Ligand SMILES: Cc1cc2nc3c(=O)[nH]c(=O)nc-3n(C[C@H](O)[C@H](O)[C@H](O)COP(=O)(O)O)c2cc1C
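One chain is shown next in C-alpha cells, namely the form predicted on its own.
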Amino acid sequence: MSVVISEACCTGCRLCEMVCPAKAIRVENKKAVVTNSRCISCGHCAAACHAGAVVSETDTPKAFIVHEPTGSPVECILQGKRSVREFLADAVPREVLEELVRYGEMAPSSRNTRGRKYYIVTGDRVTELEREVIRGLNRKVGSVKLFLPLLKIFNRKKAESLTSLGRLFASMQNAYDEGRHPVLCGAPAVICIASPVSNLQGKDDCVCSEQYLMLYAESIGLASCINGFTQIAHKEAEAYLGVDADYRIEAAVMLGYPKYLYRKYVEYKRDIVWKE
C-alpha cells in the first residue's frame, strides 16, 4: 500500500472512504485507515481530503505529491480533473449535453473526416443500458468457460484472469439485481461515441473526442469518468442504442454533477525517457 493516513489531522469525516474506487479505506473509531493492500494510488482520497490527512509513501513506485491547484484557468482544470464515480441525482440539461458534444466534435479526427456519431443516454435509459452492458460482460466470460480446463494447461495466468473476471461480472449482476449501479454508477447521463468500423483510426478519433468533451465538462462544473465496461460489451450497447451496423462504440463516458469535491491537485511520478 502507498497511502498513509495521519492520525494527527484525520477528522473521521468518511470522505476518503466514500471516494475510494478500490474500497481500500474505511473509517474506524472516527479515524480513517488503509485496511488492506487494495490501494491503487489513484490519489482520490488525497485530492478530496480537506484536512490534508492523506499522504503518499515516498519510496513506492506509485508515489504522489498533493498540491493546491495553481496557474492559469486551463492549468487548474487539468490539475483538478478526476475520474468521478459518485454523482448527484440532478439531471444534466439537454442543452448542456448537446454543448458537450459540440466541443467533443472539435477534436481532431483521422483524415479530418469527422465520421463520429454520439449517442446520449439519460434518465431511466441509463439503467437499461447498464443492464445490457452487464449481460454482455457475463456473456463474454460464459462463452469461454468451456475452454477454461484446457486454458489452465497452456496459459494458467490467462485462465486465472478470466475466472477472476467471471466472479467480478457475476457480482455486478448481483449488485444490479439489488438495485445498485456497479457499472454506470448512477450517472445521470452517458455519452457513447461511435466510429465507422472501416476507419482503422476510429478508436483514436473517439477517444480524442471523449477527452475534449470531458475537459469542457470539467470547466462548467460537470464530473465525468470513462467507462471501459461499455466498450467491452459494445455489441450489447450497440444493439440497445440502435447503432448502425457499420459503426462501433469506441468510447463511453459517464457524466453528472459531482457528489463530492476534489480540492487538491495530485501530482504523480513521471517516467520520462530522453534521447537527445
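Numbers follow the displayed sequence, beginning with 1. What you see is a predicted model; the values in this text were computed from it and never measured.
Just so it is clear, the following notes concern the form predicted in complex with this ligand, a form of the same protein that is not shown.
(request) Check whether residue 83 has any heavy atom within 4.5 Å of a heavy atom of this ligand in the predicted complex, and answer yes or no. (result) Although this ligand is absent here, residue 83 would touch it in the predicted complex, with heavy atoms inside 4.5 Å.
(message) Taking this ligand as it sits in the predicted complex, is residue 16 near enough to touch it, meaning that at least one heavy atom pair lies within 4.5 angstroms?
(response) Heavy-atom contact with this ligand at 4.5 Å: absent for residue 16.
(message) I'd like to know whether residue 229 contacts this ligand in the predicted complex, with contact meaning heavy atoms within 4.5 angstroms.
(response) Residue-level check for residue 229: yes, a contact with this ligand.
(message) Under a 4.5 Å heavy atom criterion, is residue 25 part of the interface with this ligand in the predicted complex?
(response) No, residue 25 stays farther than 4.5 Å from this ligand in the predicted complex.
(message) I need the one stretch from 187-195, 83-91, 154-162, 114-122 whose residues put non-hydrogen atoms within 4.5 angstroms of this ligand in the predicted complex.
(response) It is 83-91 that comes within 4.5 Å of the partner.
(message) Please tell me which of 208, 34, 48, 225 lies within 4.5 Å of this ligand in the predicted complex, judged by heavy atoms.
(response) Of the listed residues, the single hit is 225.
(message) Where, within 251-265, is there a heavy atom within 4.5 Å of this ligand in the predicted complex? Residue list please.
(response) Counting only heavy atoms within 4.5 Å of this ligand in the predicted complex, the single contacting residue of 251-265 is 254.
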